[in-house]
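In the form predicted on its own, a lone chain appears below as structure tokens.
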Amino acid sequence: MAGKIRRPPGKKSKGPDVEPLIRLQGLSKTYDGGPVAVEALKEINLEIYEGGYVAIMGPSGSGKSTLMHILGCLDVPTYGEYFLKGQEISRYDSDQLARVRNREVGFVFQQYNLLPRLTAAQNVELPLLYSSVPIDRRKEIVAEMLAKVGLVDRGHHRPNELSGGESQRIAIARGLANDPAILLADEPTGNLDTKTEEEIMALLDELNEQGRTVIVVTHDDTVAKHARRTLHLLDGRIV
């Protein structure tokens, strides 16, 4: 499976009666922190349907990180609207965004962001703790997630005892724990060798084939080729 680029068929019809999972309308983001305002995003219009596999590419300063933060409910636009599952969340406050983020978005980061004092299993369990899932159910879900990423036998190890590929698999398992609508991966193979990169991308391919909506932010053409749709950002606009 490693290295195989798959483009599974879309899971949902895109007919007029089907609501996009994600819909952005005229979305713009301006930062006013310095002497000159910076327009990071300019009038972004975008629809992503359930089961999509999208790569977001662009040079440094193109706005892709800002777009990722808004899609992941880590930030809000200055103007425009963001609809997630038909709900307009653009003006949610920080507490409302946190609830949506924990329920609907799973994150996978280049640096893994595993807590070093916790075991792999405990790292996977964290989103379930925040969601107040009962302990018995938490243990079941953790076991399911570790099995999904092929690391049942590594659950008791701490991050410093894991390889880079194993750490990223644990990060993916953690991102999936709450069964989110979106798996959002930011440069998920940036710290990995070529063989391990292929294994991680094959895992993301498989998750998408099973119906998961996957959005990958990357500068790597090899990674982007796994997606079925690529968005190129330049100076805050989709080009």
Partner chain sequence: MSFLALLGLSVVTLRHHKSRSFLTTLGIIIGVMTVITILSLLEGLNRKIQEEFSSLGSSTIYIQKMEWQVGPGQHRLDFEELRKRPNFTVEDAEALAKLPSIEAAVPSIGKGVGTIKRLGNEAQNCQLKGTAEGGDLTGNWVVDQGRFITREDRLHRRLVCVIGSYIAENLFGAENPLGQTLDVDGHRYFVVGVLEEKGAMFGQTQDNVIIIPVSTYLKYNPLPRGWRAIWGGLSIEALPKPGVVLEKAMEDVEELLRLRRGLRYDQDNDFGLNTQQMIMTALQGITSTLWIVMVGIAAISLIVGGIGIMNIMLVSVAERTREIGIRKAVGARDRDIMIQFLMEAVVLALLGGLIGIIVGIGIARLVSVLVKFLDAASPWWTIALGFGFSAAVGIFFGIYPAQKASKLNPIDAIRYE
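What you are looking at is a predicted structure, and each value in this text was computed from that prediction instead of being measured. Numbering follows the first chain given and starts at 1.
Although not depicted, the form predicted in complex with the partner chain is the subject of the following passage.
Only one segment in the set 61-69, 210-218, 194-202, 35-43 has any non-hydrogen atom within 4.5 angstroms of the partner chain in the predicted complex, and it is 61-69. Although the partner is absent here, R101 is a contact residue: one of its heavy atoms lies within 4.5 angstroms of the partner chain in the predicted complex. When the partner chain is considered in the predicted complex, R117 lines it closely, a heavy atom lying within 4.5 Å. The partner chain is not shown here, and in the predicted complex it never comes within 4.5 Å of any heavy atom of V152. At the 4.5 Å threshold, heavy atoms of L74 reach the partner chain in the predicted complex. For the residues I89, I141, L162, L126, the 4.5 Å heavy atom test against the partner chain in the predicted complex is passed only by L126. Heavy atoms closer than or equal to 4.5 Å to the partner chain in the predicted complex belong, across 79-96, to the residues S94, D95, ordered by sequence position.
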